[in-house]
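In the block that follows, a single chain appears as structure tokens, in the form predicted alone.
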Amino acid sequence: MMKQVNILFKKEMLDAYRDKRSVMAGLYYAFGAPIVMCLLFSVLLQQMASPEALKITISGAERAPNLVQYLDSVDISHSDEADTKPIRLEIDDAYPQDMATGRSATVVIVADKSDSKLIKSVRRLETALLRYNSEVAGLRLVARGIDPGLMRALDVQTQDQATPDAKGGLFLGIVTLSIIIAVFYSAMNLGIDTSAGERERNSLALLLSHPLSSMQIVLAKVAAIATFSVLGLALVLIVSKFAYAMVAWEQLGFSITLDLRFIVVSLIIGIPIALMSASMLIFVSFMAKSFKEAQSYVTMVLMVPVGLSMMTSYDIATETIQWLPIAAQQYAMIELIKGNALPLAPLAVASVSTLALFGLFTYLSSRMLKSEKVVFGL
């Protein structure tokens, strides 16, 4: 049986080699995603390290010169220019009297907080006002001979024991998300072409006319597709290692290092995902009646692993989903980058579950090939 599967595997690999455009389209993601992410992270870190000057409208600025001067010191200033944000800071008429008598002076922020492009600037202004409020309150207490420290019932100190590699947080999730997705997208075109594509070219019926079992045919196709998935995984890991090393993570006090151990372990834990992905692509493609329909089905189905990966990246219900396929492997990658021990129990359960899905999809696909409706797309 294995001899026939091996021959069919070589035939599938030769077909894939001849269709270079389809294969390269999948591998472009593995090569390009880390580079694009590297550029986006660099721009984001630059903005976080040195935020742009915030221009707003301040009504009644002459009533609060000290406040306006403080805001200027943190790059928040009054402006009438075209690039001024639609944020208005209204200073109450009684502001000078309230400040002089030690009462709470009223300032009002007028802005649309449902505007996603504006919310970051609003929060920045709110933070600056809170800091000014704290400084003025401290000065009032000192003027009355009261130690400002009395206002702090607790002196909270945190001894952060996290290593620089463990502080990546959301960035680590996004980095591993792009790596996991590469397993699925690297061989997506090949998976559709070798199933739905072959059926449209009538070569699938010709293949079934040979003395081969449908299981042998499916196993050979899965092996070929999984090989390209692993190739895409290896490519995205190698490119990521060099691309993310160029990002100035130290600006935020952490680092993301993808060493050789991470690459090797990621390849090992990625093999079950590659097998499951390949068998799932074939199963979904055989369910469709045409190549285009298969593309639509596959795109929709891939939302499931992408969703699991995104839940892990954004730390949503981590305690639950860390036992599920895809999520567990990605969680293990994150722990590996942090320098922590691998979560062996969830990883083992998820790997077995992933291989079980591979077996299920392979079996169902072989059963489907015994139906004329599937073989001829009726």
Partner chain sequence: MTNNRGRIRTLFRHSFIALGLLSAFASYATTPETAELTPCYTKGLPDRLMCGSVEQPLSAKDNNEKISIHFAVIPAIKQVHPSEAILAFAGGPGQSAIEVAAVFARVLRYAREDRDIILVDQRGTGKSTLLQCDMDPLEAQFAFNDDALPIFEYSRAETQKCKTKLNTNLSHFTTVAAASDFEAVRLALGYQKLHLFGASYGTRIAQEYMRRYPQAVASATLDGVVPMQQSLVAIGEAIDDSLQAIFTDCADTTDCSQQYPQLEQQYQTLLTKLEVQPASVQIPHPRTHRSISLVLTQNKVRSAIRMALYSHTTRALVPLAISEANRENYLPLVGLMGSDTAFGSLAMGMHSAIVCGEDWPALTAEERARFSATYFGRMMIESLDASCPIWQVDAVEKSFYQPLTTEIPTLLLSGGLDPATPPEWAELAMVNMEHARHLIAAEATHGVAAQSCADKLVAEFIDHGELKTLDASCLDKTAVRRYFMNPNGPVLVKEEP
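Heads up, when I say rigid core I mean the largest set of C-alphas that superpose within 1.5 Å between the two forms. Fair warning: this is a prediction, and the values are worked out from it, not measured in the lab. Numbering follows the first chain given and starts at 1.
Below: the form predicted together with its partner chain, not depicted.
Give me the residue from 323, 41, 70, 29 that has a heavy atom within 4.5 Å of its partner chain in the model of the complex.
Answer to the contact question: 70.
If you check 117, 144, 113, 210 against its partner chain in the model of the complex, which one has a heavy atom within 4.5 Å?
That would be 144.
Does residue 97 reach its partner chain in the model of the complex, with heavy atoms at most 4.5 Å apart?
Yes - in the model of the complex, heavy atoms of residue 97 and its partner chain come within 4.5 Å of each other.
Heavy atom to heavy atom, is residue 83 within 4.5 Å of its partner chain in the model of the complex?
Heavy-atom contact with its partner chain at 4.5 Å: absent for residue 83.
Does any heavy atom of residue 347 come within 4.5 Å of a heavy atom of its partner chain in the model of the complex?
So residue 347 counts as contacting its partner chain.
Considering only heavy atoms, tell me if residue 59 and its partner chain come within 4.5 Å of each other in the model of the complex.
Flag for residue 59 set to no.
Given a 4.5 Å cut-off on heavy atoms, tell me which of 72 to 80, 284 to 292, 228 to 236, 299 to 307 is the interface stretch with its partner chain in the model of the complex.
In the other structure, the partner sits against 72 to 80.
Interface residues of 321 to 343 toward its partner chain, as seen in the model of the complex [heavy atoms, 4.5 Å]:
The stretch touches the partner through 339, 340, 341, 342.
Could you check, with the core superposed, whether the Cα atom of residue 77 shifts 2 Å or more between the shown form and the other one?
Yes, the C-alpha position differs by at least 2 Å between the shown form and the other one.
When the rigid core is used for the superposition, does residue 150 move between the shown form and the other one (threshold: C-alpha shift of 2 Å or more)?
Superposed on the core, residue 150 moves its C-alpha 2 Å or more between the shown form and the other one.
After superposing the rigid core, is the C-alpha displacement of residue 124 2 Å or more between the shown form and the other one?
Shift of 2 Å or more: yes.
Out of closer and farther, which fits the Cα atoms of residue 43 and residue 73 in the model of the complex compared with this form, where the change is 3 Å or more?
Relative to the shown form, the pair is farther apart.
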